[in-house]
Ligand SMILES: NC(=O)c1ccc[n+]([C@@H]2O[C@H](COP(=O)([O-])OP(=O)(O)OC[C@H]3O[C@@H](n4cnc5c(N)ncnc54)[C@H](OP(=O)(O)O)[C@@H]3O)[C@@H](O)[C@H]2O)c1
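Read the single chain below, which is given as structure tokens and is the form predicted alone.
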Amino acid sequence: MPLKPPYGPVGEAGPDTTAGSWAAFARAFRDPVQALPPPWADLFAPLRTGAVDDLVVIGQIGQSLDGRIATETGHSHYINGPAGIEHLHRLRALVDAVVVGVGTAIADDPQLTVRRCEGPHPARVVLDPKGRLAGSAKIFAADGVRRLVVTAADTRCAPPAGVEIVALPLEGGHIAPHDVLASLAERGLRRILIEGGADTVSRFLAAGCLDRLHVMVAPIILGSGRASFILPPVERADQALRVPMRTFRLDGETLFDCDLSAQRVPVGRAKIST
């Protein structure tokens, strides 16, 4: 079935594309010597190699025009339309691992697989400091994909067989984003998508642990509900974080591609698999 996500700059219609051409792009993306073919090269090329170290860390948020990811009751399916969801699946197809917080894993029970496009499924990582996630969660499904749970060092965590346990110290009740990335790098995971929820993405943003941030804005206004970002307050508007940014049109939605590499703290190099 033809996929038609216009990945052109705002104001320009993008090209029609097919699932087959996307599969070719995904293969070329992982080959460091192969040029990236259009139409996705402009958007995804910055995710190919790290600008700070060997890692590339992307945050992703889908929101309404007024910066909401869900209604006050928590309903969010679906703020973004088909093109926005397809973009998320393309991100998954290009990374080594996708990370979510335990709150999102419990509330949404996501599969975190690639279904809207062709490409490999990434490793699935859940941040679960207190070992709250049930073994029946879809993230833990034994489907041949690598699965990891990041938990506090003193927590009794017993996920299903085959799930890797990454035990890390707590800082202020949370596991530090830098420690999460360093541990994933030690396990050979270098392209990492921080998919949600808002609290998890916000903590990685505030800690300077994102290279890029993709904000997919849908043309709806919720009026109230859960905010996209939960960050420390600033007193003045001129203290706000301002970053280089590009915009892309995806059907009726707008993607803001924010370059955060200037504030990203170094983590290190990913272990090379043998």
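On a predicted model such as this, the values are computed, not experimentally measured, just so you know. Don't overthink the numbering: it's just position in the shown sequence, from 1.
Keep in mind that the form predicted in complex with the named molecule is not shown, yet the notes after this line are about it.
With the partner omitted here, the stretch from 53 to 61, 243 to 251, 22 to 30, 35 to 43 that lies within 4.5 Å of the named molecule by heavy atoms in the model of the complex is 53 to 61. By the criterion of a heavy atom within 4.5 Å, residue 167 is excluded from the residues contacting the named molecule in the model of the complex. Using a 4.5 angstroms threshold between heavy atoms, residue 226 counts as touching the named molecule in the model of the complex. Residue contact check for residue 120: none of its heavy atoms lie within 4.5 Å of the named molecule in the model of the complex. None of the heavy atoms of residue 186 is located within 4.5 Å of the named molecule in the model of the complex. Checking 175, 114, 163, 95 against the named molecule in the model of the complex, a heavy atom within 4.5 Å turns up for just one residue: 175. This chain appears without its partner; in the model of the complex, the one residue of 193, 181, 127, 139 with a heavy atom within 4.5 Å of the named molecule is 127.
Residues from 108 to 124 that approach the named molecule in the model of the complex with a non-hydrogen atom within 4.5 Å are limited to 108.
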